[in-house]
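Here we start with a single chain on its own, the form predicted alone, put down as structure tokens.
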Amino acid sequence: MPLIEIKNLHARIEDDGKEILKGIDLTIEPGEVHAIMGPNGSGKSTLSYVLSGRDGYEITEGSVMFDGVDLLEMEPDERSRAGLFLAFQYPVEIPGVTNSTFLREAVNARRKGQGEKEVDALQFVKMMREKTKKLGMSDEMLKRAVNFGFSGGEKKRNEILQMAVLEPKFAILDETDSGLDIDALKIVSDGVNSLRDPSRSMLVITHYQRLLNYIVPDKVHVMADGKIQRTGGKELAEELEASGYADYQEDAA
């Protein structure tokens, strides 16, 4: 059974009624990593927002099944507890709340929602040390306020740490490479690759082929004008790097 099955998904902005998604069809099996590439305004980030349940968008047609359950009938917190995770393009700063506190609350909220016993402070510290070590991160990051005063690279690494701690079934990475230099890109990509698992699927949204040199996808999709226009392998990303999106924008028009 597919982990994610999207059929003919249409969505528009609630405020002005502008249609952004115009019939998305996408199926992702357990363990697969898919990449979506496309020009600005194609609907890539909107798709991530709709899947995560962000306010401001109206689903007008279509369906999304997540692990056999109707995702669109679930509230955002229910989606998270069911195993969906979104790494933001622009991670939010939360002054006054340490990473350690934030992550422990998030982990226990998910465990409680799944009927599992909450982790105590000692268990959590042990788990966090294991996670940071695996991702090549310092324990000092846990003592800092969530993303407050972080560099762009630190914010993205922190998103990957959250993903490692929450252990989602399905992770959406919305332009995780945005604003990263080559060293930070390698570090973040290594973190993502360390979390690849036969039971975990990922959807990587990006403008650029360079990220896919490090996170090699099973499939690459080209998105333009609110639809997936073409699907292929990693070679499709290399083709886009060489020729750009002009052909797809003309086809969509």
Partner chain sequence: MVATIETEQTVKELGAQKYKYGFVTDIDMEKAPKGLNEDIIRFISAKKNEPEWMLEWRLKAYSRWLDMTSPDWAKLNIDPIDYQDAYYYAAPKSKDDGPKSLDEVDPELLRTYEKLGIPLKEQEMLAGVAVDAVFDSVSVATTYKKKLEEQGIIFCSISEAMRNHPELVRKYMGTVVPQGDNFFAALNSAVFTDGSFVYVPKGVRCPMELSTYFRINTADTGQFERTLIIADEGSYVSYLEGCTAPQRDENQLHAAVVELIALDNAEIKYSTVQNWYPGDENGVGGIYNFVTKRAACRGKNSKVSWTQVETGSAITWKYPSCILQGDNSVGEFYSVAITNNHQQADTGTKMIHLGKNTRSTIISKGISAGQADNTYRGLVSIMPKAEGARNFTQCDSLLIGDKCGAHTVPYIESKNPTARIEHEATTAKISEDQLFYCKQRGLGDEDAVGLIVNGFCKEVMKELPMEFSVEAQKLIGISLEGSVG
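Positions refer to the first chain, counted from 1. Whichever C-alpha set is largest while still superposing within 1.5 Å between the two forms counts as the rigid core. Predicted model only: the values in this text are computed from it and were never measured.
Keep in mind that the form predicted together with its partner chain is missing from the display, and what follows is about it.
Residue contact with its partner chain in the model of the complex: residue 209 places no heavy atom within 4.5 Å of it. At the 4.5 Å threshold, heavy atoms of residue 76 reach its partner chain in the model of the complex. Its partner chain in the model of the complex comes within 4.5 Å of a heavy atom belonging to residue 105. Proximity of residue 119 to its partner chain in the model of the complex falls outside the 4.5 Å heavy atom cutoff. Just one of 39, 30, 53, 62 comes within 4.5 Å of its partner chain in the model of the complex, counting any heavy atom, and that one is 53. Comment: 81-89 is the region of 132-140, 177-185, 119-127, 81-89 lying near its partner chain in the model of the complex, near meaning a non-hydrogen atom within 4.5 Å.
Residues from 137-162 that approach its partner chain in the model of the complex with a non-hydrogen atom closer than or equal to 4.5 Å are 146, 147, 159, 162, in the order they occur in the chain. Annotation for residue 114: C-alpha shift of 2 angstroms or more between the shown form and the other one, rigid core superposed.
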